[in-house]
Each structure stands twice: as C-alpha cells, then as structure tokens.
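Next up: just one chain, as structure tokens, the form predicted alone.
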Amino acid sequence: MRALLVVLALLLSACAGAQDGKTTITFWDNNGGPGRTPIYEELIKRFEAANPDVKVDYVGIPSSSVQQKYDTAIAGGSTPDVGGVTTSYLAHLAGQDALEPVDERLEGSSLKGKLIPGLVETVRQTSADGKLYAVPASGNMDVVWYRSDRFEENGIKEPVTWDELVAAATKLTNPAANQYGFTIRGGAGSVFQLLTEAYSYSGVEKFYDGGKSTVADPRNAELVRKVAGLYKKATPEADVNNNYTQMVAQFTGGSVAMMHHNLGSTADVMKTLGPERVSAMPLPKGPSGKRTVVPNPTDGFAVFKGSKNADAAWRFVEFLVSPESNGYWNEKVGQIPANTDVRNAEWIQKNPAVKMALGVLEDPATVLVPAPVHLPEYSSITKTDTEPLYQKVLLGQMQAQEFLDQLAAKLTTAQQDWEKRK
C-alpha cells in the first residue's frame, strides 16, 4: 500500500512538474476590443494545442493608448514577449532598443520568401539601420467606397481618373434631396488621407528627393485644389470637421455616394449597405497615368528584446503569420494577408475589395510611396500643425500651394534632423 502511495505521489509530482515546466509568453494585442479579441483567442487556442509546451497570456490594449503603454513598459522593464505593432510607431520602439531584429530568424523560417515584398519593405523602411524589427501580417490600402446602385441608376462608370471622379460627384449631387456625390475628411486624420489622394494624382514616386520633401510639388497642389473645389458643391458643408466616424455615418446613411477611406471600413459598409449596393475602387489616377500608392501603416508582430522566452515568442509569431492563421485573421477583419500562400484562398476570391487591393499592391506597375512615419514628429506635423491649415484651404482662406509649402518645410526639417541622429 505504501509503495502504491509513493508511486501515486511521484506521478502527481511529475504532472505538476509538466504544468510548471510550460513556457509562458505574454502577447499584447495592439488593437484589443470586441471585434478582434475573439479572433486572437481562437488563434491562441489553436497555437497552444499545437504547442503544448507553451502557454500564451493575452492582453488586449486599445489602439488609442498602445504606444503610451509600450513606452511605459519599456521605461519600467516590463515589456511583453510578443507585441502587435504597426509601422506608425515601430521606429519609435526600435529607437529605444526595445525590439529584436528578425532578419536572421526569417532566414531560417518557413516564412522566408512567403511575405508580400512591398509590405516587408514598408516595415524595413521605418528602421534607421535597415534591419527588420517586425514581421508584417496585414496590409491595408486606401480605397474609394461607392454606391454602385446609384452609379448604375445614373449611367455612371467607375471613375478611373480624378477628373472622372469629380464629374461623377457633381452629377450625383442634389442638395435639395440631401444627396451629395462625395464626402471630404476635413477634421481629424484629414491630412494623411489628403496626401494619399495627392500622390495618387501627381504620380510623384518619392516622398523625399535629395532630402527635400516632395509634398509641395505643383501637381500635388493641383489635386488639393480639385478636392477643395468639391467642398459645399458636391459635399455636405459639415465636411470641414469630418472625422472617420462621421464620414462612415454619411455614407452608410445614404447622404453621400462616394467615400475615401480604406479596407478598415469593410465591416461597416457591408453590414449596412451590402455587396449589392456598394463597391470599392482604388484611388483614381492623375494625368500621368501612373499608379502611385501611399501605403497605410502595416500591421505586424515584434519580439521584444527583454523577453526571456524569445524562441517561444518567435514560434508564436511564425504561427500567427502562417498561411492558416494569417488567412483566418485577415478574412475576419477584411484586410490583405501578408502571407502570399493565402492569395488564392476562396474567401479572397469572394471579397472583391480585398481581391482588388491585393491586385493593386502586387501589380509590378504600382509604385509604393511610403510616408515618413519613421519621423517622431510625423504625427504632430500632419495632425496638430497641419489639419487646421487644411480646413482653411477648404474654407477658401488659404491657397493650396501655400498650405503644402508649409507642410513640406516642416517635413524636410524633420527628415534632416532624423538623418543627423542616425
């Protein structure tokens, strides 16, 4: 009897040791919330089933406060093992020496050669030393959502050029019926969106040329004048203060026929209007006929240098960006999967907006013009300093060229200061 008790005790001890011996890693979701947390919970369940020696502790953080949370954790030496990141603040994190470069790990990984090169490049361009500090997982792209039913009713074809878009917006406007052809984002977030429009029109292929910002190129100013010319003629007057939420409300509410945003609007517009009444098109081209795209910040995953379980953390990153996980995630959120093995998935063939955006990004003729999100001042320059000036342009109180000259001067100074610090 005593011998049996000893054996049972040893067995229990062995079981407890196996549990205690699990490697636990902490994962910070940089956009936690009811829409995305359940997707990660499912993926973590799958990962732990396939990797019984690793446990993942999930922490969901709202996107509005994630950069501050990371800064606090870095200062206090309490960073997670793995974190969701975007290129909008990746340079800031890498600049604090908080992240592991992943180039060598990728070389020996099943992900080698399986990531969309353009997304990898947008991540790499954020670093001062040319190293890769995150693995891209999702791409996003600005599109113009439009009411395909109203286009059909009015005999209008999908615009290919900005002039065609302006003509369509004018034709679809009837203020007496509270119907407008387009909506302008004049409030929060307006300038980044405006710049994507300007470069799509101008065909200018670099954000900087010889260290000088190209934002003030006269062709960009021409586009700003065209958009401002639509204000109150083919857009609601309230657009001067529009943020993302208000634009979506106007579009889904039926008062505007076209809205420039990105694939992040997919769930909202499809839920309200449905695929039979709404479609997406790339931003139109300008007179040059070139397809130039200013990419949205790229989402991905980084391993933190302070991790004591970096190998397990990397295994989790590889899992999240594997074809199965990457396809599952992007199907749920309606974005572009970074893993090229997902490109022929059935769900992409059934999602015209994602299929179109993926085609644009992978078209060899498309020129990506990454915005300088590596600059610590980029956000304050384009938001705090410049959004009020754009409102003046819309209200006819400032010329488009003067507005862009001021913006370009600030971006040039910030870039030169950054070059000196490298």
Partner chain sequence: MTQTLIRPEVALDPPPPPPKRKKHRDPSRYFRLHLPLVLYLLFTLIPFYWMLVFAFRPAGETALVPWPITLEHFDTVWNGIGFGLFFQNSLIIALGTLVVVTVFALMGGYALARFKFRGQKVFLLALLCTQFIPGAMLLIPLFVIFKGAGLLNSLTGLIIADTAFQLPLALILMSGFVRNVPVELEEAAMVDGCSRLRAFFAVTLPQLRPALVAVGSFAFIGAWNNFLFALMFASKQDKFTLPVGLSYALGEFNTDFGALAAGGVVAAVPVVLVFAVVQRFLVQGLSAGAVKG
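Residue numbers count along the first chain shown, from 1. Every value quoted in this text rests on a predicted model; they were computed, and no experiment measured them.
Below: the form predicted together with its partner chain, not depicted.
This chain is displayed without its partner chain, yet in the model of the complex the stretch 67-75 from 171-179, 338-346, 67-75, 118-126 comes within 4.5 Å of it by heavy atoms.
In terms of contact with its partner chain in the model of the complex, the residue from G264, P323, P236, G187 that brings a heavy atom within 4.5 Å is G264. The single contact residue among W162, Y231, F319, Y244, judged by any heavy atom lying within 4.5 Å of its partner chain in the model of the complex, is Y244.
Contact check at 4.5 Å (heavy atoms) against its partner chain in the model of the complex: none of P372, T412 and Q416 pass. Remark: P52 does not count among the residues lining its partner chain in the model of the complex, judged by a heavy atom distance of 4.5 Å or less. By the criterion of a heavy atom within 4.5 Å, E48 is excluded from the residues contacting its partner chain in the model of the complex. Contact check for P34: a non-hydrogen atom falls within 4.5 Å of its partner chain in the model of the complex. Contact check for A167: every heavy atom lies farther than 4.5 Å from its partner chain in the model of the complex. Taking a 4.5 Å heavy atom cutoff to its partner chain in the model of the complex, the contacting residues in 268-286 are D268, K271.
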